[in-house]
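Single chain ahead, written as structure tokens, the form predicted on its own.
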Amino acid sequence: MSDELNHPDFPVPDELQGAVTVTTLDRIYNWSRRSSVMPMVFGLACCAIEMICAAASRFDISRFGMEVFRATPRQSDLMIVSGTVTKKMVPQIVRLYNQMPEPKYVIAMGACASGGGPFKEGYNVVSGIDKYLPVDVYVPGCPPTPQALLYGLIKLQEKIDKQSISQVPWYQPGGNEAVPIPVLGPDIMDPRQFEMIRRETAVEA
């Protein structure tokens, strides 16, 4: 633990090793967060089975401090989108994301969540959850193995390690705005694109 926290510019004398740690606020803050990420119990399709396997004893996700899957978004800070994202499901996914407290992260697990997978351009499938939510890590595969998901979690930890309290958006004035919930009608529409749709419709008319 001390090796991860010690600041290389301020060496600790040998006689104080194990008793004193010189570090920065960013490093100790990120170390504590990366070791206590709580994913949400959330699965969509076959990738969810691989996510469940990663939490089983063979792969032991608890080594990363991520074994506590929460049943409510209000106690979670990681959404693993594992499976095919249909247009009917997107409003619920965005609603759950908005209910998660900051800081929060998203992992797109598998080909379907990353880009539509074998159902890309289907009439009822979204070509990637990143069209609606900010994705931090993509885990490729159809479906990806539990080892691949663990690698994605390691990459998420590396991203957390590089963050600074003075620059992260959730500590800035105003904070992050909620993602507009898509409207499901004859097709799914992103409220952020309504003005563009109106302009293009007026030009065609």
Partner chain sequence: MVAPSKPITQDLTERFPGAVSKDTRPGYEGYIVSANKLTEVATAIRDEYGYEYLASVTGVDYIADGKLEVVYHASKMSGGASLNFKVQAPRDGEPEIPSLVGVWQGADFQEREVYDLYGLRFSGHPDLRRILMWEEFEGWPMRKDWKEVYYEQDAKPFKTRWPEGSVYRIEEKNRFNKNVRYPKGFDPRSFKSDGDEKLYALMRGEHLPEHQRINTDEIIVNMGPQHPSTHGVFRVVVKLDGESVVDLKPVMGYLHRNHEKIGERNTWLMNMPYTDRLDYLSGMGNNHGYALAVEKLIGSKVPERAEYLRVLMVELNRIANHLWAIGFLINDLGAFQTPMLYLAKQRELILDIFEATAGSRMMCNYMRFGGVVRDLPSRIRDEDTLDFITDLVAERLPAALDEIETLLTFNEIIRTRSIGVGVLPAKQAINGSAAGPLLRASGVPYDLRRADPYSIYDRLDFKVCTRPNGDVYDRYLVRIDEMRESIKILKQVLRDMPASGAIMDGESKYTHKVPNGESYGRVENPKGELGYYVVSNGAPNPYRYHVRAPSFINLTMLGDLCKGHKVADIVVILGSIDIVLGEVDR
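Residue numbers count along the first chain shown, from 1. Values in this document were obtained by computation on a predicted structure and should not be read as measured data.
One more form of this protein, predicted together with the partner chain, exists but is not displayed; see below.
Peer 1: Are any of the heavy atoms in residue 58 no more than 4.5 Å from a heavy atom of the partner chain in the predicted bound form?
Peer 2: Looking in the predicted bound form, residue contacts with the partner chain include residue 58, since a heavy atom lies within 4.5 Å.
Peer 1: Taking the partner chain as it sits in the predicted bound form, is residue 11 near enough to touch it, meaning that at least one heavy atom pair lies within 4.5 angstroms?
Peer 2: It does not: once the partner chain is placed as it appears in the predicted bound form, residue 11 has no heavy atom within 4.5 Å of it.
Peer 1: Going by a heavy atom distance of 4.5 Å, is residue 23 a contact of the partner chain in the predicted bound form?
Peer 2: Residue 23 lies outside the contact set for the partner chain.
Peer 1: Check residue 88 for me: does it contact the partner chain in the predicted bound form (non-hydrogen atoms, 4.5 angstroms)?
Peer 2: Yes, residue 88 lies within 4.5 Å of the partner chain in the predicted bound form.
Peer 1: Ok, 41, 168, 28, 148: which has a heavy atom sitting within 4.5 Å of the partner chain in the predicted bound form?
Peer 2: Contact check passes for 41.
Peer 1: Would you say all of 65, 161 and 173 touch the partner chain in the predicted bound form, counting a heavy atom within 4.5 Å as a touch?
Peer 2: No: no residue has a heavy atom within 4.5 Å of the partner.
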